[in-house]
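Shown next as structure tokens: one chain only, the form predicted alone.
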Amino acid sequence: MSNAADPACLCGKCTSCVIFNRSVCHVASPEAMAQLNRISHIRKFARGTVIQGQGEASDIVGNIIEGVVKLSSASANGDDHIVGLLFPSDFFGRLFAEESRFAYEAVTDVTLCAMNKSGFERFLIDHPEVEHEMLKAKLDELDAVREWAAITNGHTTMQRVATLLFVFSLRSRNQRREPGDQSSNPVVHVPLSRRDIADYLGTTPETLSRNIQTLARAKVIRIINAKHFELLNASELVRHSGESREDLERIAAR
């Protein structure tokens, strides 16, 4: 990487990296880390930037250091649908493919530890321990996608909304304090717009808003603004989700 003084990047002393222990890189040997050092660099993208478009050449991959990226897919009639979200330590991009099947857009300002795709593919051949960890991470991700599909297909809108808020509350990198907010309770930051959240949950913005208001009236959450919610009663939020806390924690950890 280009800036060995930056503690948030996978370079130099990688143990100081803010995502090192959660990324696939943590299993790399010193030799492998030195090679990653040479092929990776930090890239920053402003909120709203399309990092990689659907159907474009898939030429970069890497780990998200900070921020949230949404994956979307355009339907035949041109409508975009969100198919996934990537958080810090998640792997960005598609290996062993010529073009991207999805569009990757920065929902917030994003910092990415980026690598040339073909260079990283060669790296994995040289370092099977990292390749094995990458496979395990992708299988965990696939399990989480399947669990999320079961939730969105078989649950009420309220259960989906509660699940999303609880999962976001466990993503420590997504918890923010608004200026002047003195509450000691967790503040859940959901960086998506109401329309994007509704699309992700398979509902309408109006139905989404009604369910959020219901949770607020029940004193489960307090609405700070459109994207920030104070979590007043985590146990009640879990109950509204229709899932066990253990299942929600497992989804959030992936």
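As the structure is a prediction and not an experimental result, all values here were calculated from the model. Position 1 is the first residue in the sequence shown; the rest follow in order.
Not on display, but discussed next: the form predicted in complex with a further copy of the same chain.
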Looking at 71, 106, 113, 167 here, can you tell me which has any non-hydrogen atom within 4.5 angstroms of a further copy of the same chain in the model of the complex? 71
Contact between residue 118 and a further copy of the same chain in the model of the complex at 4.5 Å, heavy atoms? no
So in the model of the complex, does residue 87 come within 4.5 Å of a further copy of the same chain, heavy atom to heavy atom? no
Taking heavy atoms and a 4.5 Å cut-off, does residue 152 contact a further copy of the same chain in the model of the complex? yes
Please check if residue 202 has a heavy atom lying within 4.5 Å of any heavy atom of a further copy of the same chain in the model of the complex. yes
Answer yes or no: in the model of the complex, does a further copy of the same chain come within 4.5 Å of a heavy atom in every one of 102, 136 and 140? yes
For the stretch 28-58, which residues lie within 4.5 Å of a further copy of the same chain in the model of the complex by non-hydrogen atom distance? none
